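Below, in structure tokens: the form predicted on its own, a single chain.
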């Protein structure tokens, strides 16, 4: 297929573009930042650029990973977020369904962040009695910042274009996979690797797994027509664990992984005392046939070698 990949210079794009080319696809990378993975330097907020790239290259599928992200909140305005995340998404969708378009599939990289309200994020410190069990049916969605608000708006634009025009769209609400250090209040200050290992229990995945999720979504889009999936490692926890995860997460983790305390002690690592939410990615496995290859169990096995 001839695929337009937005955000091709980003962390995901650097992994996904070569992966798609490995499968024989002709990938056209679009990003405002030049890189080896980017063929067209430009912004999705520029409608003329989007029209030219889609129309001139016979694009058959769009993977839309280009966006302003949470770290940009400190340096960019809400207007910038709307221009890129909302208007940019609309530009792509409208060109995808324009007369004469050859686009038949659209995969959007969204975020689990839009599912987290201020109350959920406050967790135990905010008086929560149990961890939030997050599925695609979580409602009402009340994103806590401009990033989440604009990504939620973009999701709804995708849904609308499927309903109005029949465009096959798959939205992937990705868990954390960025390489930067964590900004969480309960992050392990001594070790970013420790923090990221802990997060594999409930909300982090590798960039390689995120790339594979997009490959699966691209392949299944015509069959799925429209769907929305959480992409995170399959949780080892059960809903019945949610109260204890808030009160004493190490005890719950020890029950599922009795070997973890010794491995963590050897490394000088610690477990989060409280886990405030769990992302359940069951739907992605059942409907799209996708499951992350790397979770906490795999990480722990590697650490124990």
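Numbering follows the first chain given and starts at 1. Everything numeric here is computed off the predicted structure, so don't read it as measured data.
A second form of this protein, the form predicted together with a small molecule, is not displayed here; the remarks below concern that form.
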| Is residue 241 a contact residue for the small molecule in the predicted complex, using a 4.5 Å heavy atom cut-off? | no
| query | So in the predicted complex, does any heavy atom of residue 44 sit within 4.5 Å of the small molecule? | reply | yes
| Is residue 20 close enough to touch the small molecule in the predicted complex, meaning at least one heavy atom pair within 4.5 Å? | no
| Going by a heavy atom distance of 4.5 Å, is residue 55 a contact of the small molecule in the predicted complex? | no
| Candidate spot 12, 65 and 175, all three touching the small molecule in the predicted complex (heavy atom, 4.5 Å) | yes
| Among 220, 234, 144, 72, which has any heavy atom within 4.5 Å of the small molecule in the predicted complex? | 72
| Among 84, 90, 171, 211, which has at least one heavy atom within 4.5 Å of the small molecule in the predicted complex? | 84
| Thinking of the small molecule in the predicted complex, which stretch from 153-161, 107-115, 192-200, 128-136 has heavy atoms inside 4.5 Å of it? | 107-115
